[in-house]
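A lone chain, given as structure tokens: the form predicted alone.
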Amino acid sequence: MQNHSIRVGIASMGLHLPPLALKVTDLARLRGVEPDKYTLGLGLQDMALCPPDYTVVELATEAAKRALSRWQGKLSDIGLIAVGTESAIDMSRPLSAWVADKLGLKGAVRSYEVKHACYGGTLAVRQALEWKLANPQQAKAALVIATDIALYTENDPGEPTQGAGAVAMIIDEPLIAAIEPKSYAWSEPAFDFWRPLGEAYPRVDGAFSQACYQRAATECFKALIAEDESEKILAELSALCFHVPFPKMVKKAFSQVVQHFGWNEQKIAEFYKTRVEPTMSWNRYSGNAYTASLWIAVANTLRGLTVGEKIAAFSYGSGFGSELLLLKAGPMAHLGEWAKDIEQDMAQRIYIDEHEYLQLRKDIVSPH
């Protein structure tokens, strides 16, 4: 029988954004679109971009190195490496093998890749958590990485939401945050977003995908609230983090969720402004990083929290699968050391113009 009295969670975190970026206002000028459509309509500022030779492997490896550098354990203490991604570079060899090779991680280690669109990173976290809970006597930790590069065809409605990034987490002692063993999942088979074999860019049914996302969020929060009072349950949470394709999509989903519980517009606006919108400040500058998007928001939210503060994390992946997790801040959350990763990457970021962006697209023969 599993011993759920054992506390497991995030012991260390590392983040990485790629070296290039394009302001969405420059993309708007290139596409002949009013800039407010992207900045206000979608809630975005920058698209994080990778040079042609910069893949999800580089993103994941750097994030992992940063997480490991803050952890008091040794590389030999890692017993599992799982990489959640929808930017796989091989149909057989897992992305974890490339990352493990760069880290020098080998031996008695479980290594694999997890795929379920943007939900894959959360599934990897859950599997690592359950692996720890199932083996309470073992001293090994898990290294979980969510890493992706999002690119769309030129002039696609999703183009301004493009982005990239990676979040690495060591699942062990809950120094940064404990993850509750109980979670709330919901899935339905759907073709709202998919990428057939051999195709470089995804196919998207935008309106349908947003409807699926809202339905999934509503069902997961209904399971959390159950027969209790929604205001009482949500008031116990310092923040609600969501998967962030773009911030305005989160706003619509949150509104849909709490409208189900009978909230009025004023109450929705106040809660969103204080407990949802602030979680996405880093996402506005990363763009959609698929599996990493939720965890960028979670990392942003955990920094500065006092011990015991609780947050929710809603994960969604097209196809579709979703899950709502609850986290409780640990003793090292208030330090927010991983914020230095974002500060460093933003300080070193090179902004390209729209003409360089078009050339970059040509140089990327096969997006990863």
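So that there is no doubt, residue numbering starts at 1 and follows the sequence shown. Bear in mind that the values here come from a model prediction, so they are computed numbers and not experimental data.
Absent from the display: the form predicted in complex with a small molecule. The rest refers to it.
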{"item": "Proximity to the small molecule in the predicted bound form (heavy atom, within 4.5 Å), stretch among 334 to 342, 35 to 43, 53 to 61, 303 to 311", "value": "35 to 43"}
{"item": "Check all three, Gly158, Ser209 and Ser318, heavy atom within 4.5 Å of the small molecule in the predicted bound form", "value": "yes"}
{"item": "Lys74, Lys252, Lys273, Lys232 - the one with a heavy atom within 4.5 Å of the small molecule in the predicted bound form", "value": "Lys252"}
{"item": "Asn288, heavy atom within 4.5 angstroms of the small molecule in the predicted bound form", "value": "yes"}
{"item": "is_contact(Val204, the small molecule) in the predicted bound form, heavy atom dist at most 4.5 Å", "value": "yes"}
{"item": "The small molecule contact in the predicted bound form: Ala117, any heavy atom under 4.5 Å", "value": "yes"}
{"item": "Partner contact for Trp295 in the predicted bound form: the small molecule, 4.5 angstroms, heavy atom", "value": "no"}
